[in-house]
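The chain that follows stands alone, in the form predicted on its own, written as C-alpha cells.
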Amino acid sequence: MARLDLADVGHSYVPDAAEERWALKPLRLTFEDARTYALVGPSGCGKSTLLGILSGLVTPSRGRVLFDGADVTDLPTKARNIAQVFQFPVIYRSMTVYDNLAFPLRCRRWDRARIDAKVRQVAEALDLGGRLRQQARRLTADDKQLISLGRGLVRDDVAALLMDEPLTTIDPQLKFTLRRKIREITEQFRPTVIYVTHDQYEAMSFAQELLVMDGGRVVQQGTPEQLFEAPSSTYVGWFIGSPPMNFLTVEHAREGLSLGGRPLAAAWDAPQVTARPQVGIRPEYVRIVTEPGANTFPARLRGVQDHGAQRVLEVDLAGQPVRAKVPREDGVPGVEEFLVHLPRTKILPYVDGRLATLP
C-alpha cells in the first residue's frame, strides 16, 4: 500500500471558470499508508471528483498527485496500481467465485500455487471459502460486492483501495452485515482505503478518519469521535449526528452567556463580538431533570419521535427548538412544563458559524 498526497490539487469541469466555482477547490491532503478514510458530504460537494483524481479518471486542473512521493498526476488509471469498488459490483458473471478472485493475479502471471494460496486466503476472510466453485451470477448482491472487494485484496501491488459508495444499491437489511465485514477485512489486510459515501453512519462505523466536504472544500478532518464531540462549524454539527446538533442563539451577559435571560455556562467563553453567538449541544447530552440548578432551564414538550430503544423529545427551550435523545425506559415527561439540564462541558460556543477558539 502507499501514502497518497495531494499537493495544491483543484479541479474545474468548466474551462476558465472562476476558482470559487470549481468543483474541487485547491487543497493539500495526505492519506497515510494502511489507514481507512471516508469522504462524506452531500451530493455535489466534491467527494467523487476527489476520488476520480486519485484514481486517474480525472486529471486535475491544478496541482500534483503523489503516491509514495512519486508523481502520478499524468499516469492513467491502469498505471497507478489501485483497486476500485463501485456502487454496482463489477464481476465476471460467467466465471466462478474462484476465477473472479484469481483473474487479476493471472493477468500478472503469478504461478498457479501462489494464486491458489492467495485466493483461498482472501476467500476465507470474505466467508466465500465454501462457494469458490459457484457461478458468480447466482450470488446475492452483497456477495458480489465482496468479490469486487476481494479482487483488490488479492493483489500485493495495490497502492490504495478506492470505494465509491459501494453499499448504495445493497438491501438495507444487508448493509449492517456487509459494513461490518468490510471493516473486518480492511483491519486484517490493512490497505490504504478511501471510501466515498453520503451516509454518515457508514463513514463513522467504517473509517478511522472522516473528511467532511462542502462546496468543494474539506471543512473538517478527524476521527469520528472528534467530529461528533467538537464540530468545527455548525455545518459539520448539522451533518454529523442523528438527530443533528442543537444550536441555540444566546446573548452575552456580564459574567458569560445567557439564554432566555438565565445564565448559561459553556465549555469555554465565546469572544465578545458584534454578532450574537450560538452554542451547540448534542441531543445525547440534553437531560430531563427534576431539580433546578446551574444550566437548568424550563422547557415544554412539542413532540416525540420513537427511535426504538431511544426516543427523541422535541422541546421548546427559551422559545427555541431543542431535541433531547433519551432512553426509552426514562419515559416521557407527564407534565406540561419540566426542567432541562445542559451540561457545561458539552456546550460549545460558535461565532458566525465557526467553533469559537479557546480564550
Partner chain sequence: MPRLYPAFKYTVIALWACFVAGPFMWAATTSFKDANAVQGGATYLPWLQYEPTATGWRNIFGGSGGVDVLGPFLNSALVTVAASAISLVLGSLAAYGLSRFRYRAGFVKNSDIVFFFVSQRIMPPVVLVVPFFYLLQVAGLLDTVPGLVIVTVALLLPIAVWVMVDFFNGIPREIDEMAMLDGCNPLTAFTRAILPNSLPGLTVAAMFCAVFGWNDFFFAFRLTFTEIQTLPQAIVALNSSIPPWWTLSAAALFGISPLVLLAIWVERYLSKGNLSGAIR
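The term rigid core refers to the most C-alpha atoms you can superpose between the two forms while keeping them within 1.5 Å. Keep in mind it's a predicted model, so treat the numbers as computed, not measured. Residue numbers count along the first chain shown, from 1.
A second form of this protein, the form predicted in complex with the partner chain, is not displayed here; the remarks below concern that form.
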| item | value |
| --- | --- |
| Joint contact, Q84, V90 and R106 to the partner chain in the model of the complex, by non-hydrogen atom at 4.5 Å | yes |
| Option touching the partner chain, based on a heavy atom within 4.5 Å in the model of the complex, out of R179, R155, R131, R282 | R155 |
| Residue among A265, A253, L174, M95 with a heavy atom within 4.5 Å of the partner chain in the model of the complex | M95 |
| Options 238-246, 117-125, 253-261, 97-105; stretch whose heavy atom lies within 4.5 Å of the partner chain in the model of the complex | 97-105 |
| Contact test in the model of the complex: S55 vs the partner chain, heavy atoms, 4.5 Å | yes |
| Interface membership of T77, the partner chain in the model of the complex, 4.5 Å heavy atom rule | yes |
| Displaced residue check between the shown form and the other one: P104, CA, 2 Å or over, core reference | yes |
| Displaced residue check between the shown form and the other one: I170, CA, 2 Å or over, core reference | no |
| Residue shift check between the shown form and the other one, rigid core fit, Q135 Cα at least 2 Å | yes |
